[in-house]
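So this first bit is one chain, no partners, the form predicted on its own, shown in structure tokens.
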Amino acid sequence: MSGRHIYTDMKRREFLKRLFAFTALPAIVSMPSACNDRGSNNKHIKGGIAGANHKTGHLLRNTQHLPAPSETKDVNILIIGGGISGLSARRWLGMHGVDDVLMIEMDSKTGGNSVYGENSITAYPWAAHYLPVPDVQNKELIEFLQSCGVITGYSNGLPVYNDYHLCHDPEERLLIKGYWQEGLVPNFGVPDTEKAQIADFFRHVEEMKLAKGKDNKYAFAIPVDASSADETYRKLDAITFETYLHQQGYNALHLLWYLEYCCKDDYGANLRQTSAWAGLHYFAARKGTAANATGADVLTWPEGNGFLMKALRGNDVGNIITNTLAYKVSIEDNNRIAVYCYDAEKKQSTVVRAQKVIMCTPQYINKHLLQVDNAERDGIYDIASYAPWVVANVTVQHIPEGKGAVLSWDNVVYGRESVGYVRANHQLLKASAQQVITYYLPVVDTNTTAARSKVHNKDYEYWKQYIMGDLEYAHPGITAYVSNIDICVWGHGMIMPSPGYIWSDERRVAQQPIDDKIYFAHTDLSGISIFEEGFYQGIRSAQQIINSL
């Protein structure tokens, strides 16, 4: 959900050059222990639970109590869901002259995992907050970035990125053994034998980055559907990343910690819950190039991917209705699609009749919505699994620093359950003593239902205490400087690329329209929840409709 740390060849060379740089450092400083006394004295900290509209969403469990529809509305095309895939589909239809398009969104605002908040200091993300410099072959995405000013022009055929949008230095650091080192791959105090294995792993993934199948397609690509169909690579989806690493002889503790951190960070999953194909895709799929950046660089904004979301949505929002829950989708006798909608503010229901519908909703929602006989799709509901997350935005007057690298955009602590925090106002040109840091905690459990229950059943005080304990571990004494913590609980934060999911028949079938009337777009249909996949899925479904008209 936070998602970042792409390892390109340039970073690999820099890493190899520095790999043994820490061996001459003085004796390792002890890691500060968690201090419950400091962390518990936090009554001055204000805030609450914010974020997604779970109350309205949970009405899907018991729709018979919703009021009967009091009116009917006719439209050409209805888009259900205002996340990235829905906004991408809406934009693509508009670009190609398809009119009378209506979007409904359950929450009070569009964005899905790209929603954001704002206070007097800065805007801040509630989930996704970065985009790696993309491959120039992803032409639709490159054109979109140019349309919203992220790309300012071209030099020698390569895009030139606006410096403001490229992540400012210092970019990332890791607290390990009491010392803040530059970069997130463990270096400080790591035995030479483990350093050699870490270097070997990155040589391996560089080979995978260039690997192509018999169809001459890259083995790992973005979007996922552009990847090679060669069974040599696709069969890796059937085993866990943990199994693959064991088979390849990778057993260094610091390497395994880092790889599990990456899986938690991008997928909300551990090594056993991530397919080997997805684990390698994290490293091997990024092939971005630019005139003034590399694939190792990321684009980020104070509001995170909310910046991209706003650009996708545009200024014309008259055909977007928020706080509205779709609770039934069926095909009428006249072959129109009937979508039953509940307005949570007006507390009334409406039937929207459409020629075509795009369902930009996750599979656990589709299971409740679709009242259409399409047994082939049932399998996807059984294999789709979702990672719960807790995200917090913390307002702090001062961050006590330790030894080593200075405060960076991305700050991670070795060995913790969380995947660290980013500084929301890192990109702001005007310096401020006050900071807003966005803290990410994937709640990883073999039983995702139990993990989801855990995140929903804990109250604000529990999460405040937990988060401050984690921050005190990294920055002893920080509690006194924190004034506010707002927390968002994501019960179904993102699809998990579980073994067997990405290249399953179920995922392939789930992308297909029903009767050329009901279409589907969501990162669930990629198996990896990143901006590029949501963007692609929206275009894919919109183009299916354009082709059918």
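Bear in mind that the values here come from a model prediction, so they are computed numbers and not experimental data. Residue numbers run from 1 along the displayed sequence.
Heads up, the form predicted in complex with a small molecule isn't pictured, but that's what we're talking about next.
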item	value
413, 78, 185, 369 - the one with a heavy atom within 4.5 Å of the small molecule in the predicted complex	369
Answer option from 175, 298, 198, 104, heavy atom within 4.5 Å of the small molecule in the predicted complex	104
Non-hydrogen atom within 4.5 angstroms of the small molecule in the predicted complex for each of 89, 224 and 541	no
Options 129 to 137, 346 to 354, 275 to 283, 375 to 383; stretch whose heavy atom lies within 4.5 Å of the small molecule in the predicted complex	129 to 137
4.5 Å heavy atom contact, residue 536 to the small molecule in the predicted complex	no
Contact flag, residue 124 vs the small molecule in the predicted complex, heavy atom cut 4.5 Å	no
4.5 Å heavy atom contact, residue 499 to the small molecule in the predicted complex	no
Distance check, residue 111 to the small molecule in the predicted complex, heavy atom within 4.5 Å	yes
